[in-house]
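Only one chain is included here, represented as structure tokens and corresponding to the form predicted alone.
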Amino acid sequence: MNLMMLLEMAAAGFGDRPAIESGSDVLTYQELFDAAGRAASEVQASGAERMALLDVSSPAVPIALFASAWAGVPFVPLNYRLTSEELDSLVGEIAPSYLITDPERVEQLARVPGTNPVEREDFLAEAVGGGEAAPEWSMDPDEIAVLLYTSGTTGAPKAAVLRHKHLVSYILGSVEFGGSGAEEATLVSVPPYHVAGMAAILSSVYSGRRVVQLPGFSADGWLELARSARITNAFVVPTMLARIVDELEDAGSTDLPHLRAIAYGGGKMPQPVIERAMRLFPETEFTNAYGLTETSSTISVLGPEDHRAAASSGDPVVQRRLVSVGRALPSLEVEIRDPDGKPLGAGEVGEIHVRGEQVSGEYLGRGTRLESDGWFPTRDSGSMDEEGYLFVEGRIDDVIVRGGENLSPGEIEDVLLEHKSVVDCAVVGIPDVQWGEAVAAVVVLRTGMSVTVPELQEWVKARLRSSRVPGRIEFSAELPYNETGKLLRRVVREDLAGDSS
């Protein structure tokens, strides 16, 4: 098992089909295969033990991903939004490396011992030139394919280890080879250092779908490219979809006749956003994909039929599934467990555990978090209903402990978002002398609308127990999210603490 196996099959099956489109640059599947071979030869000649990329999306990303697999070294896409100090530390950690980057960073990175920085355009020129391909790649499934550093929002970034067996298992278990038509194209707007970016490339290659790259997201830029490139499929994080919906509602027209399917994930999707999106795109199929870096992407899926059933049902149990992340992939097992590791029943909230061949749970230099029987504790809180639909409440660390009672921020946020004046919100725990932690909320109001703090508190109290009513509510123009759509609750807490000092 090696990632190159996926590209080799694609090149043999539909080599003349366009594979990667980035602006005016287009590579067919055969050209991508050939470029990966030449780049692999360059990496092997350099003596590097890792192939890294510090850059936005471009054809260099898929070429480097497959070239590293061919060369037998891990691929390490780095977060270009980190500070210079953070990047110097990570680049030093992965040395000796062959590192593709933009021209402005080459001089700085060349100072890091063991680092061979190469400008993106120079790398691409060599890869698509006439050089020789590297020798045949290894098929050892236990070799490391990709190292993905966590976002580092709550501490120093650590590298999740994804071996070839994990990623290939995920693709073979979730994607039909050659299942896409020649006209299909997927718009990739998530950054390359996010697991969804890696999964989008691998799944599209195996299915035969053209990958159209958008290096930097904006709602109007996304819509313009979706129209001009005749996009049929797209993956977005919730904040992206919210901005796309806002842009379309302001314009009064969708005008995206080719868009067949939108997948979303990477963070919690507010119910009002997905409901608005479904009204704007009545013919488009929506899929919610929940997963983690450590699980090689998707764990569970809420498919198009599930979306339609939940949106049209009069049964509250079925309706609620619109905010679920669906059911586990057939190749995976999912359990909800209490703090002692005991499996919980339907509707009971605990920690989500997952087991399957695509699950890694390993970190570079830090060992594995897999339990002896193969289960991986995700550190996500959640529950499952009687039919196996999974509901993610948030990170275990985000649970508010008020007077010994565990409160879910997500539950309170869902109620606040039902108010017509609220477009976004974040609920966190803040220190409290009497209760240990108190409930606080930061609310973003819909343009042109208003509501008072007492009105919102009464709104929550009428729908939840009084212990869940935010004792403090602040209003803000926007909430802090990272570039992959995850709410930065730590920043919300720090801002609230600063406001109270």
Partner chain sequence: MAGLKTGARLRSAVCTTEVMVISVPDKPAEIACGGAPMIDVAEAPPGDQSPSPDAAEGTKLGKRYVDDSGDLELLCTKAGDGSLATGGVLLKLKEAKKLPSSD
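These numbers come from a predicted model, not from an experiment. Numbering follows the first chain given and starts at 1.
Omitted here: the form predicted together with its partner chain. The next part is about that form.
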item: Candidate stretches 217-225, 281-289, 341-349, 80-88 - the one whose heavy atoms come within 4.5 Å of its partner chain in the model of the complex; value: 281-289
item: Ala200, Val354, Ile94, Ile244 - the one with a heavy atom within 4.5 Å of its partner chain in the model of the complex; value: Ala200
item: In the model of the complex, the residue from Arg120, His194, Arg209, His164 that sits within 4.5 Å of its partner chain by heavy atoms; value: Arg209
item: Its partner chain contact at Phe235 in the model of the complex, heavy atom, 4.5 Å; value: yes
item: Pro330 within 4.5 Å of its partner chain in the model of the complex, heavy atoms; value: yes
item: Gly23, heavy atom within 4.5 angstroms of its partner chain in the model of the complex; value: no
item: Proximity of Glu176 to its partner chain in the model of the complex, heavy atoms at 4.5 Å; value: yes
item: Contacts with its partner chain in the model of the complex - residues in 277-309 whose heavy atoms fall within 4.5 Å; value: Thr287, Ala289, Ser297, Thr298, Val301, Gly303, Pro304
